[in-house]
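This document starts with one chain, in the form predicted alone, laid out as structure tokens.
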């Protein structure tokens, strides 16, 4: 297998990449002297992918909400009745998996027996085993998980924010689905989703640690067999620019009211522009409401917010939004103060020295990512699944200016794009 070596001088890191004959993309970042090695095997299949054209078909289908998360759970069951975790435990490896809005990833970290663990990872993810009995059992287990999250105030306030922001986009649907939706999942649904989205051309492998790239490519070549593969066609509903509703409220078992102030970003990007927008939005939110900002200090000192206050950016190919959230006794007052702060920045602009300081600090945070093999692997996998070359970060970062902050402020952080989600303590 031919591979490409790309050295980023400013990061002091080298990325090795190759494409298997099946279309599977492999990425390796060697970290000489590191005791731990990490591998992640991901597919571009998340909770939003409920409408697609199955591989080999020309007709689209819609599957029950929560199927990506359900499929992730079932992948660990082996045909011989064992669990994929068993072999990882034997080798002293720490294994896990997760499903997000856009991806499903299987992973492990270990300090020895990497080759054996890596081959096992590739093997079990390529051996689905679904039966009526194990599906029915899993429906009960995941049903309990869904009910648990229904009582989680932080989970409720976030998804209510997404439901307020989006009219049609499936990002507003809980990743695990509902008790009713998962009851409709059967073997045919799972195999249809697996055969479409778990085809190698729709997947990525990322490895970080003290490894030889050539050896990684050899194991992949030995383990991954030529099966049916190809480009997946996911279908997303049209989404209006306007938000669905301005305010949404719920009650839960929380000690203090929780809030999320969300802003809908309608200017979706791809490739390097997607990465540039994510970087710029994160810098912008730190500039406006980071721990060193006047907004944070004023509202923290007054007691309106506390240490739970934070910001978040979600930029994907099919949706994009930013949020401010935490605990607050008067969320409506806080939103009014935030909107006044945004208007003030629109009026007087951003301090260039402060912008440069925060921008440099953000670059430092990115560089520190490469001190941790798990962070490296997840960073590479998530971006490469979206066809974003994260190793272009230094070049893209250099194009972001103070004027970029003003452009995004006026484009995204506007009253018409905003919503407020609140969770109050249950009586």
Partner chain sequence: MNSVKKHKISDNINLYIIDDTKYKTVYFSTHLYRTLKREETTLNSLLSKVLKCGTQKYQSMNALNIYAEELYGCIYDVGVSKKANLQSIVSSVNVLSDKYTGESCETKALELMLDLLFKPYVKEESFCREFVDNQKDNLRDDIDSLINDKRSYANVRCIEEMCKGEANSVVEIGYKEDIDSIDEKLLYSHYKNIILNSPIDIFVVGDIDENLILKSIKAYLYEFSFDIKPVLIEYTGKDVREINYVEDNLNVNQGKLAMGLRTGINIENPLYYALLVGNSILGSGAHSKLFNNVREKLSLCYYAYSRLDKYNSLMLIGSGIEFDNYQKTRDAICEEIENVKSGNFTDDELEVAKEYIISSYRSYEDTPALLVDYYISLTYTPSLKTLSQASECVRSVTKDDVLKAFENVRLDTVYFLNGKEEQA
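Computed from a predicted model, the values in this text were never measured in an experiment. Residue numbers count along the first chain shown, from 1.
What follows is about the form predicted together with its partner chain, which we do not show.
This chain is drawn without its partner chain; in the predicted complex, the residue among 245, 126, 223, 293 with a heavy atom within 4.5 Å of it is 293.
Just one of 119, 249, 150, 218 comes within 4.5 Å of its partner chain in the predicted complex, counting any heavy atom, and that one is 150. In the predicted complex, its partner chain sits within 4.5 Å of a heavy atom belonging to residue 307. Within 4.5 Å of any heavy atom of its partner chain in the predicted complex lies no heavy atom of residue 22.
Although the partner is absent from this view, residue 59 stays clear of its partner chain in the predicted complex, with no non-hydrogen atom inside 4.5 angstroms. At the 4.5 Å threshold, heavy atoms of residue 236 stay clear of its partner chain in the predicted complex, well away from it.
With respect to its partner chain in the predicted complex, the three residues 163, 178 and 420 uniformly fall beyond 4.5 angstroms at the level of their nearest heavy atom. Listed stretches are 260-268, 333-341, 189-197, 90-98; the contact stretch with its partner chain in the predicted complex is 90-98, by a heavy atom cutoff of 4.5 Å. Scanning 130-153 for heavy atoms within 4.5 Å of its partner chain in the predicted complex gives 137, 138, 140, 141, 144, 145, 147, 148, 150, 151 in sequence order.
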